[in-house]
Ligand SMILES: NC(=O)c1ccc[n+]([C@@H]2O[C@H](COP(=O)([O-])OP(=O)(O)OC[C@H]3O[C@@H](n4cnc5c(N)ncnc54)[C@H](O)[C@@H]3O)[C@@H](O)[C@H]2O)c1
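Here we start with a single chain on its own, the form predicted alone, put down as structure tokens.
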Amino acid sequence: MAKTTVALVGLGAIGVGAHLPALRRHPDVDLTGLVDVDAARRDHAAALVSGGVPTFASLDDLPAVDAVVVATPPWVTPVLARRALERGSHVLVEKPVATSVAEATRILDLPRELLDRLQVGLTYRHDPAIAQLKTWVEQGRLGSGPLLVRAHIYDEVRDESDATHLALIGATLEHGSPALHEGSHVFDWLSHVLGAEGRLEDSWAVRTAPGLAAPNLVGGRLLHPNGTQVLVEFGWFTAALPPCELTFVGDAATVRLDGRTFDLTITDHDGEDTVRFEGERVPRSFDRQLDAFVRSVRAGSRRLTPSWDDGLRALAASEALDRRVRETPATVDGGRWER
């Protein structure tokens, strides 16, 4: 069987740093195009693949391909995803799928048979650590009653010497707090592992510098149907960051997921045990995500997973918290981030 022809659209940090290596590693992928409006990014990506893959400034210039990976900011992603679907390609799209559910559904107002050809990049759902955690919860390893879950998601340290990153995060905050940009992964993990959606009960926000367009430290409390309480906390853009981790506390055991490595440490009355998985978290998860996508495309699957509906649910939860925290008076207030 011939290889699956795939093009990568969006050659920024996530595209070049995670999707491009995964595409180059996959044995059944023929990488046939690199697309970005920025010439410097095109040249950089072409150099990484030794110039063997043609580059294009527009998706419209790309020859027909079996599949497209869209790794662009959420404020431009829906337009590109729609264009790729209408061209007949299957699409793997970075999360969040848009900056709001309204924007996503307005632009991607397409027949169900087209939307079912789209896989949402909720990348870490594919990781074996998430699968193991889900199994432990379902088997009652943590206990039979409600849980307390604490999700502390910290990323994007502020480095004053990195002007490019300062500008990128400043611009990203103009489109929403870290809850919007990081939340899709976390809320998808929670609903997937716990087996149900949570209801947002309350929230808080802190803006640690007066020039930020949105609060950069935000959080909230969710209540799940069985009484499980979830405390979520998202943090960006401080000079130093606390640990990134999720903790699940039950009557019989406590599990900690290390957000950097995805090592799982379970502690119960017998002691402590740490489960480590082969390979590094990021390449492992992106490889598994791409493999699921390619296998579905090659098998002619009628619906890809995580689906468009999964992506919308995760975005809706993120958007609800983002809206709530942006309406919350922050500890430090001010204008827009000046770049």
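What you see is a predicted model; the values in this text were computed from it and never measured. We number the residues from 1 along the sequence you see.
Only in words, not in the display: the form predicted together with the named molecule, which the text now covers.
Only one segment in the set 67-75, 204-212, 99-107, 142-150 has residues whose heavy atoms sit within 4.5 Å of the named molecule in the predicted bound form; it is 67-75.
In the predicted bound form, no heavy atom of Pro178 sits within 4.5 Å of the named molecule.
A residue is said to contact a partner when one of its heavy atoms sits within 4.5 Å of a partner heavy atom; Asp188 fails this definition for the named molecule in the predicted bound form, lying far away. Looking at Phe262, you'd find every heavy atom of it more than 4.5 angstroms from the named molecule in the predicted bound form. The closest non-hydrogen atom of Leu11 lies within 4.5 Å of the named molecule in the predicted bound form.
Scanning Leu168, Leu241, Leu114, Ala196 against the named molecule in the predicted bound form with a 4.5 Å heavy atom cut-off leaves one residue, Leu168. Contacts of stretch 32-60 with the named molecule in the predicted bound form, defined by any heavy atom lying within 4.5 Å, are made by Val35, Asp36, Val37, Asp38, Arg41, listed in sequence order.
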